[in-house]
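In structure tokens, one chain follows: the form predicted on its own.
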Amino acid sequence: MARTEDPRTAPSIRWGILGAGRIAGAFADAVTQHTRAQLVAVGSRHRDRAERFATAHGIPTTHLGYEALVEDPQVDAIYVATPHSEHLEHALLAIRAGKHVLVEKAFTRNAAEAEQVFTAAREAGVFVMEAMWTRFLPHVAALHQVIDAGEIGEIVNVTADHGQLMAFDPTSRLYDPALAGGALLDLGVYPVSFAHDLLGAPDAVLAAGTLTETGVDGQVSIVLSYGARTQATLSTTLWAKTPTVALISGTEGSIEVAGPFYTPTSFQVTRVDGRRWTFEQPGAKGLQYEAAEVARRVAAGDVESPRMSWQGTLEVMRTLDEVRRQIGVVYPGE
């Protein structure tokens, strides 16, 4: 079975953390505990928040504001962990400073903004990647090996869901249109990107959704079509904790990925000839795999990763754009 490289074998790189929220904390822990990289600085618009984050994660330098962070000469790469609405501005800020960038998903609010980031990165010659950490996990590498070996034949359907119970709060990032809130960009990006990883860009998109009182999507169901007979059926919601499982069905068998499918997990292969076996993966946290990918690509002089390429991110963003168009979600300033 395929083995993913140990993140501890990746070269060292010096990270600056832009934004001091929950996901930034998870990334900081993963880097510190499971890679050779260094966390050298953190930036926030609130000094006390930056200082608390630095103390919690052993980071030696704090910056008030993001300009000071990206200009810090000890920083090699910036991890952007601010709301979706800010990703374009903060990615461009880091790129202009000559820094490599890892941008939380969804990468930007829309595909047009993503294109701006990649154009700037190409001109500056710096590495940029969407932080879709699922693509780098051991069980996903094993899934590709099973599928590429023909174990389940031709894929006919991919099913995946991601729902979390999030109480309505109009002041919350998730419910705020100005911060590009809603289920789709925060949660739905996982099943959409998972389907894209297995099947590529869809030929057609069909979506139905229900909006919240604040005008962002609370729940969305999506059907993606590929060729004559392959589909992905995906769903996301802010109103229920769903199983977060994935099922890949083919002409010769199926693969059931245990939930949450987007974290390190196990899967079971069941073939039509009766053979059945399981890939077991410990439930360890996995953000270190994407961090290691950045370090390896930067050391190699690459500007993008083949596992989460610029084209791949653009195709995912175009799918999300079309879903939003069909359900009627528009963010301020778009």
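Bear in mind the structure is a predicted one, so any value in this text is a computation, not a measurement. All residue numbers refer to positions in the sequence shown, first residue = 1.
Beyond what is shown, the protein has a form predicted together with a small molecule; the following relates to that form.
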Within 4.5 Å of the small molecule in the predicted complex by heavy atoms, the stretch out of 144 to 152, 210 to 218, 252 to 260, 76 to 84 is 76 to 84
Is the small molecule in the predicted complex close enough to 15, 36 and 56 that every residue in that trio has a heavy atom within 4.5 angstroms of it?
no
Note: exactly one of 161, 113, 197, 186 sits with a heavy atom within 4.5 Å of the small molecule in the predicted complex, namely 186
With a cut-off of 4.5 Å between heavy atoms, is residue 21 one of the residues that contacts the small molecule in the predicted complex? yes
Open item on the list: Quick check on residue 96: any heavy atom within 4.5 Å of the small molecule in the predicted complex?
Closed with: no
Quiz item: So, in the predicted complex, is residue 122 in contact with the small molecule at a 4.5 angstroms heavy atom limit?
Solution: no
>> Is residue 66 near the small molecule? Define near as a heavy atom within 4.5 Å, in the predicted complex.
In response: yes
